[in-house]
Every structure is written in structure tokens, then in C-alpha cells.
Ligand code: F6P
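Here's a solo chain for you in C-alpha cells, the form predicted alone.
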Amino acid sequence: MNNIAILCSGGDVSGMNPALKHFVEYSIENNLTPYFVFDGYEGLIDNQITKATYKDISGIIARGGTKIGSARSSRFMEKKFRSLAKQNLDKLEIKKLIVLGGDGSFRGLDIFYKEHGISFCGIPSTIDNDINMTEYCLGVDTALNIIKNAIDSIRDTASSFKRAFVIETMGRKCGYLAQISHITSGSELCLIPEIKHDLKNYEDKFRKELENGRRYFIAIVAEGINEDSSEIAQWFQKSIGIEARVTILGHTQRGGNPSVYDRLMAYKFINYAIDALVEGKEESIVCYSQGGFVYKSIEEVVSHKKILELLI
């Protein structure tokens, strides 16, 4: 039998459901029998693995999140549970595995491969966009559009009430979402973990802008900086002299209708992943750069932390 399975691991992103849809379609096109693993590595351990059909993917392309669920698995860190996961795959004669996930998911996959040798291909899927060797991860475009819409709406009320708004984005220790949102929204301040900052450096400039008629400030703050967002708001009030509010966008950034770009990228990522496994690649991660799609070994991807290209 020529069976192939797919799972989602770690944080969900918009784009996973389009990927699942095309996974089923392209697998069947390549004479593979597709299987869904529910709830990530937890599903591998608990044998929550079922054959996937066209019925399972009907209508999911427009939905955020993932139909098959995702999870973080502490049990998968233990060798005995990884062995159990392999046994469950063996019972179904599944020899190929695709994993949609981020850095932690790939590290677990690296260990699983070294112990059990199952052929796999990883697809970078995290709105943090912090995976080494790839410029783009599935879900990022949808997240950026959600942030854009939020900033544009908040700007309306900020200007009406003459306020500063501190808008906190996700990203863990990576400032990508905050940096790109800052550039594309025209915000007045951006704070990210990769760049040290001293708020005192902005005080004279911002106070002069207020004196010259500025009605509001928009500050984009990545969640991984040292200060709490409420501290930035207090700084606006005490040092700049303008009323301030905090908006934490939180998990709204991980959901929502997948953008056209993420649907297209899901399609292409899946094509490359299945092609790699059909062609006999034993272990690879599909990465994307301006030069196109390339395959990288999992060692290359997990051995180094991604360095953000600073644009501000």
C-alpha cells in the first residue's frame, strides 16, 4: 500500500485547511491513499488516524484553523510515546508523513526521524514567521491582514478622541509581524525584540508633534519585548502627555478566512511536499525565498535560529 498521512502541530494558522484540501486531492492524483492524523503528535500517540476522502474536505478552503485539530504534545518528548506513534503508523502501513508546524514541531520530527526513519516532509506553518531557512511560513499573510484591519479601525477612534493606542501583536521572540505591520500601516512607533530601544529617545520628538497639531499616535509592539504593553501606554500618558489605550490582538491573528495568498501558498507547499516524498526524499522541509521553493534538510532548519531582516 502507498499510504501518506498529514498532521498539524503547534499553533494553528489560517491556511492549514486549504493545505488539507489540496493534500487529499493531490495525494489521490498521485495514486497515494491520504490519511488525517487528528490533534497533532497527540493523535499519532492515541491512534487518531483515519483515511481521508473528498467528503472530509468539502467546503473547508474558506475556513480558518484546521479541521483535523492541532496540539502541543509533551508526551511526544518521551521515547516510549514516539515508539507507540511509529507502531500506530506501521499498523496502517503509512510510510510517508507531512507535518504542518513550526520550530518546536520540526525539532520533535527530527528526533522521530532519527529514531524510526519514517519519510517525512515539513511545511513551515506559523504566523511568527520565525523558521530558519524560509522567508515565508503558511498563515503569515492572513495574520498580517487581520492586523492591518485592526490598526485601520483603531486609527479611526484614536484620531476622534486624541489618543495614543498601543497595539500588541503576536510573534513570540520574533518581531516580524510588528515590523511589517508598522511599515504598512504608517504607525509612529514600533518596538520589537530584535532592536534595543530607549523610550526617552522619542520623547522630545513626540511632544513637539503634539504641539504642532498631531491628534494621535499608533504604536505597534511585539509581544516579545521586555516591557508590558501597559507600561508603554503609561509612558505615553506620563512622558508625552496624551491619553493612551492598549489593544492586545491576541489569537484573532491566528484565525479568520484564509487570504488568497495563503490559499495559493498552501497549494504550492503541498505540491512540493508530496512531490518530495513521491520522488524518494526521506527527510526535507519545504522552504520559500524570493528565488522560489527549495528543499532543506531538517538539520539545516532546526540547527539555527532565524535572524529577522531589519527594515526599520
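Please read all numbers here as calculations on a predicted model, not as lab measurements. Residue numbers run from 1 along the displayed sequence.
Another form, the form predicted together with the named molecule, is not on view; read the next lines as being about it.
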Exercise for the section: Would you mind picking out the stretch of 45-53, 61-69, 262-270, 246-254 that comes within 4.5 angstroms of the named molecule in the predicted bound form, counting non-hydrogen atoms? Expected result: 246-254
Practice task
Classify Lys162 as contacting or not contacting the named molecule in the predicted bound form by the rule of any non-hydrogen atom within 4.5 angstroms, answering yes or no.
Solution key: no
Exercise for the section: Indicate whether Gly171 is a 4.5 Å heavy atom neighbour of the named molecule in the predicted bound form. Expected result: yes
Handout entry: Any non-hydrogen atom of Thr142 within 4.5 angstroms of the named molecule in the predicted bound form
Key = no
Practice task
Verify the contact flag for Ile167: yes if a non-hydrogen atom of it lies within 4.5 Å of a non-hydrogen atom of the named molecule in the predicted bound form, no if not.
Solution key: no
Practice task
Name the single residue among Ile127, Ala85, Ile131, Ile98 that comes within 4.5 Å of the named molecule in the predicted bound form, judging by heavy atoms.
Solution key: Ile127
Handout entry: Any residue of 199-235 that, in the predicted bound form, places a heavy atom within 4.5 Å of the named molecule
Key = Glu223
